[in-house]
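To begin, one chain is listed below as structure tokens, in the form predicted alone.
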């Protein structure tokens, strides 16, 4: 984000504004951490700020400071659309194409507000007036920290802001073990701890509040795990029936795909999750090293994301989706032993 843009954004924020902050559909820890962290920062500057999510998000994120103020579009459509129509500024966080906002896309497209995008995914579109995009950054939360720094306001980061940003960085880096975790990421985390983020409490709130159903579902997922040693690949499948049996709630399968990467010599892990309501198989891809799952997802499963973490979908049955996936693997020489 060039200096001229920062000067213009600073001017925009010099007077009280009606601001809406929007994450992507199916918001995760980075999406909610960045939106709520930025909400607290802008409210402290005197702005009227609303976070509007396209749909609901996992229970393990609902302890975040400011959660009670979040407006969920699918549950409060009229109010959300009115706030977007009246907004002077719209921040789009953790997504770079308006279609990632789900059913909110139409009202956002019609908005006359100034748009500011902050995002770390590849191949951003040009819908925003100001774009801060860095695909090498660990998370959008780390980018929000640097955005605040560009506004010369890091000393004004409160414990609430620090907590929200810590959550997004921690979850999007796999607790700081993914390759996008840089030395700068750790410097940011250290400063957030200094500013009031209590790291052990945050970890407990995210990872140690599962219920029995969720752990039983994990057991089913691991029973369904299959390994293809010849292609250094492991995959998990979960049917709608299996989800229903364990009272599936949004977010319950978070992190399941990473178990495949814990297997020795596996560099490519995938989870296929049936969603009968939408009529699709949702797919998450993870990898180690140089195998680019972003390119894999874009080429074969209408998806995309990062080099080592991406998503996609299939409108085929579970069986046919896995068959398609298996027939593709021999085309990738880097996966073969």
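Positions refer to the first chain, counted from 1. These numbers were taken from a predicted model, which means no experiment stands behind them.
The next section is about a form of this same protein that is not shown, the form predicted together with guanosine-5'-monophosphate (5GP).
Q: Is residue 146 part of the interface with guanosine-5'-monophosphate (5GP) in the predicted bound form - any heavy atom within 4.5 Å?
A: So residue 146 does not count as contacting guanosine-5'-monophosphate (5GP).
Q: Wondering, does residue 47 line up within 4.5 Å of guanosine-5'-monophosphate (5GP) in the predicted bound form on heavy atoms?
A: It does not: once guanosine-5'-monophosphate (5GP) is placed as it appears in the predicted bound form, residue 47 has no heavy atom within 4.5 Å of it.
Q: Residue-level question: is residue 29 within 4.5 Å of guanosine-5'-monophosphate (5GP) in the predicted bound form, judged on heavy atoms?
A: No, residue 29 is distant from the partner.
Q: Please determine whether residue 42 contacts guanosine-5'-monophosphate (5GP) in the predicted bound form, using a 4.5 Å cut-off between heavy atoms.
A: Residue 42: no, not in contact with guanosine-5'-monophosphate (5GP) in the predicted bound form.
Q: Three residues, 59, 214 and 251; all within 4.5 Å of guanosine-5'-monophosphate (5GP) in the predicted bound form via heavy atoms?
A: No, the candidate spot makes no contact with guanosine-5'-monophosphate (5GP).
Q: Exactly one stretch in 303 to 311, 61 to 69, 32 to 40, 47 to 55 has heavy atoms within 4.5 Å of guanosine-5'-monophosphate (5GP) in the predicted bound form; which is it?
A: Looking at the partner contacts, the answer comes out as 303 to 311.
Q: Taking guanosine-5'-monophosphate (5GP) in the predicted bound form as the reference, which of 195, 150, 246, 100 has a non-hydrogen atom within 4.5 Å?
A: So the residue touching guanosine-5'-monophosphate (5GP) in the predicted bound form, by this definition, is 100.
Q: For the stretch 120 to 157, return the residues whose heavy atoms include at least one within 4.5 Å of guanosine-5'-monophosphate (5GP) in the predicted bound form, in the order they occur.
A: Read in sequence order, the lone residue that approaches guanosine-5'-monophosphate (5GP) (within 4.5 Å, in the predicted bound form) is 121.
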